[in-house]
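Shown below, as structure tokens, is a lone chain in the form predicted alone; questions about how it binds or moves come after it.
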Amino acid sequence: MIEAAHITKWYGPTLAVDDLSFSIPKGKIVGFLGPNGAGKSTTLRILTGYLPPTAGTATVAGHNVTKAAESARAAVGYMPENNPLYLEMRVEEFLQFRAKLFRLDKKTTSERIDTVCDRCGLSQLRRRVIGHLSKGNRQRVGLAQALLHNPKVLILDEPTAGLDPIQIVEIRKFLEELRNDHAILLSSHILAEIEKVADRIMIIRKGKMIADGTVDDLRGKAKGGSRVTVETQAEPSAVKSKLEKVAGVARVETSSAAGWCRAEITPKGEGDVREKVLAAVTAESWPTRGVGQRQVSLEDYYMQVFREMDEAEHKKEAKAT
């Protein structure tokens, strides 16, 4: 449904997208991750026909986004990050306007507006002025317009931004319902949500693909199969210094709140260092209220990969100077 082959985009001397290739079949939700400036939005704009690639090709539902731009756009439901809406319009009026742009006939327009308003939780808001809606409900309007023409492909950029926890769960369930009939590319900074809904994750950095796999695949690549946590009443710097000397500990990160220090320990291998950690804090007579263990998350893998790449780049720069 979505095919990208060596797509590259230059803005003058700046390389925004660097030789990206990937495919997304029908029935799959793929999370698209990367820091600000990584090239995510540029990639999405190329796939939706808003920007031409400098090199490479992209097809959507079999239509080349450059050579058959009109057909490609008709196959895509796009919700951009800034979710541009006509705030002076009522919800129903805006959806009717969008339906005309999609060239839907009157009967289909009525049916599709009923459908998307029901599925996006807008049935009671159809006569409301968009500018009077909360940010969360404006997100719902953006999602409704993306679904209006029943596209084969959905490209959603930060669809849960501004939603409360209950609304986020509803959108997650909604995406699960949509997966069978669509190919969905989902970009978000909320890694925990991506982890729950995506079948596959793609991560880019400086326009280049650095990881592509299932959530389990990526979590399995993280160093240390779990993280050990301990909460103790001591200065974070002292806790960090003490625990970094414990055998089998690779890294210690600390934070503090209400006089308690929380340390998260990454083991060097798969060994269990909880007993050694407990012995270390006990030896200092620090009040301690718990030692626990949690499994590696997608966020752990994400942070580890970027930290290691940043460290490698700093070392390379230091050698060059």
Partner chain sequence: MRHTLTIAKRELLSLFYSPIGYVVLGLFSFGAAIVFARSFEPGAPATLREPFQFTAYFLIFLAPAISMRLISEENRSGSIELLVTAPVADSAVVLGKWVAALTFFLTLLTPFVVFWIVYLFTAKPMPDWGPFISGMVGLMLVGGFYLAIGTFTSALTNNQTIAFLIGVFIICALTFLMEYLPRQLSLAPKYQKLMFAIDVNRRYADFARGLIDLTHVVYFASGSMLFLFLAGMIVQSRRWR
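The shown structure was predicted, so the numbers you read here are calculated from the model rather than taken from an experiment. Positions refer to the first chain, counted from 1.
This next part talks about the form predicted in complex with the partner chain, which is not shown.
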{"query": "Partner-contacting position among 152, 138, 179, 73 - heavy atom within 4.5 Å of the partner chain in the predicted complex", "finding": "73"}
{"query": "Contact residue in the predicted complex, chosen from 95, 89, 249, 211 - any heavy atom within 4.5 Å of the partner chain", "finding": "89"}
{"query": "Among 165-173, 116-124, 98-106, 196-204, the region lying within 4.5 Å of the partner chain in the predicted complex by heavy atom distance", "finding": "98-106"}
{"query": "Any non-hydrogen atom of residue 131 within 4.5 angstroms of the partner chain in the predicted complex", "finding": "no"}
{"query": "The partner chain contact at residue 236 in the predicted complex, heavy atom, 4.5 Å", "finding": "no"}
{"query": "Heavy atom of residue 45 within 4.5 Å of the partner chain in the predicted complex", "finding": "yes"}
{"query": "Touches the partner chain in the predicted complex: residue 51 (any heavy atom, 4.5 Å)", "finding": "yes"}
